[in-house]
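One chain comes next, on its own, written out as structure tokens in the form predicted alone.
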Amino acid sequence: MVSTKIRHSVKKPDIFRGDVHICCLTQDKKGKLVFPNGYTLKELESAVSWDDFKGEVGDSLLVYVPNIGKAKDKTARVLFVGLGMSEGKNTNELRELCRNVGGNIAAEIEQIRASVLHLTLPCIQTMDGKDIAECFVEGIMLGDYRFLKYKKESEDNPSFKGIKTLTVYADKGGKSVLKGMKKAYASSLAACKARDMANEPGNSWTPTSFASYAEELSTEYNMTCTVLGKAQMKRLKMGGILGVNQGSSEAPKMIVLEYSSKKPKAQTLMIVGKGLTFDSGGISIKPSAGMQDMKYDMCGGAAVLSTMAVIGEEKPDVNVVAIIPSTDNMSGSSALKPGDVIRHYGGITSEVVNTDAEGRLILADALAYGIEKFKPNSVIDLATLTGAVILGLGHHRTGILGNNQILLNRVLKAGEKCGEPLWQLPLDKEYTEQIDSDVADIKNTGGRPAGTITAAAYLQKFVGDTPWVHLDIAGTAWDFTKKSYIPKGPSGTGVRTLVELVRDWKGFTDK
């Protein structure tokens, strides 16, 4: 995507000079269109009289008005966009409404190839102007995403590169509105970076790519980056990630990126993301149909690393440690075989029943190592871990499990606020019994029943009493619920949830 500039303006839209002015219109509680303040165009009135524009969500009307305003360079195009009724909606529903309308705007803008925009924010009585600005900018920027790196440019019909400048008009709450816009800019940029990583093919985005980007972030934001290579993993006896990597020609890496807050005695949050850059299934090979999508198996790692860019920029009052265990899972001559036994960091042995249940193997080493080394107050991991979560929740909600309900509630709240909804699944001891092994401490699958839960039960073995939450994003990392601001392919899910959680961090306690 292009580097979009965002601006706040108190200048009235009739003196705006650019490609298009966007006016968002609402309906009253009876469903009647509320006309915009400041000016009323006969073109809009005509469309309304013919019922061609009602102001419902999804409604849009583009008009060409050569004589609007008093400026010499007059606005030639005005885009009216409908929000529908806000009556009866709660705060999170209104936030999602604004994001979706923002995505609709991005789609309309692509059709007319307008790159310099002026947006007049709507007035929503039960919503703060800062939040309206944040959600609209977020929806527009996320909706404006495209990945064209490997597409040949057409000379006759060049592709639209995206929005260059977005100016938001709000005559009240200037600093507050600008703050909301900046928050949206940071979170959207991070989510789009995560999408970029996921869109890269497996022969381009490798464990080395994760390490290189982490090192870039550490330099830019004065964070500490450590990359564990294969030799170090052997010394540390990380049998999970080493075992998964056995069939690969690409060496594994474990990336550790640390942000240290200037706040005295700040708490530490550890975030862990699965960085499986391609998953063939290993010896337990996946079906060939759809296997190309397994380049997306690193979306958890992409979300965690992209989140660190926002953390470096905003500098929250909490220490954050990001860990990405990264490898691919191939079926080379030395690959793990079903029935093999590995020893994880810390000594727990595991019988590998299915080599396609590899994500939990690399995450287990990362969790055990990170908790022992950094002693975090709380831990969150994200992983495209199981196909079972798609059977249970479809592509609409991320599965969430954990050992601490207070932390679970916080993550659930953050996800709902930013439009990345989650659904909690149980994690009782009965599920743990499914991964008992006859030849090792545990085995890496518990069979088909409750596959998402038994995968989490495996990870739970490595976190001890540390408050921990696991997000299974296999159903939402790509093919997420169709939304105007979510593109086909990778969604970037998890980034905005983590960012929201860190922004609202008040310190973790069991109360």
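Each residue number is its position in the shown sequence, starting from 1. All values reported here derive from a predicted model rather than from experimental measurement.
Although it is not shown, the form predicted together with a small molecule is what the next lines describe.
Novice: Would you kindly say which of 381, 297, 328, 420 lies with a heavy atom within 4.5 Å of the small molecule in the predicted complex?
Specialist: In short, 297.
Novice: If the cut-off is 4.5 angstroms on heavy atoms, which of these, 226, 86, 354, 176, is the one near the small molecule in the predicted complex?
Specialist: That would be 354.
Novice: Only one of these stretches, 230-238, 333-341, 162-170, 381-389, has heavy atoms within 4.5 Å of the small molecule in the predicted complex; which one is it?
Specialist: Going through the listed ranges, the match is 381-389.
Novice: Wondering, does residue 365 line up within 4.5 Å of the small molecule in the predicted complex on heavy atoms?
Specialist: The answer is no: residue 365 has no heavy atom within 4.5 Å of the small molecule.
Novice: Applying a 4.5 Å heavy atom distance criterion, does residue 134 contact the small molecule in the predicted complex?
Specialist: Although the small molecule is absent here, residue 134 would stay clear of it in the predicted complex, with no heavy atoms inside 4.5 Å.
Novice: Residue-level question: is residue 195 within 4.5 Å of the small molecule in the predicted complex, judged on heavy atoms?
Specialist: Judged by the heavy-atom cut-off of 4.5 Å, residue 195 is well away from the small molecule in the predicted complex.
Novice: Would residue 478 count as touching the small molecule in the predicted complex under a 4.5 Å heavy atom rule?
Specialist: It does: once the small molecule is placed as it appears in the predicted complex, residue 478 has a heavy atom within 4.5 Å of it.
Novice: Quick one: in the predicted complex, does every one of 274, 279 and 358 get a heavy atom within 4.5 Å of the small molecule?
Specialist: Affirmative, all three are within 4.5 Å.
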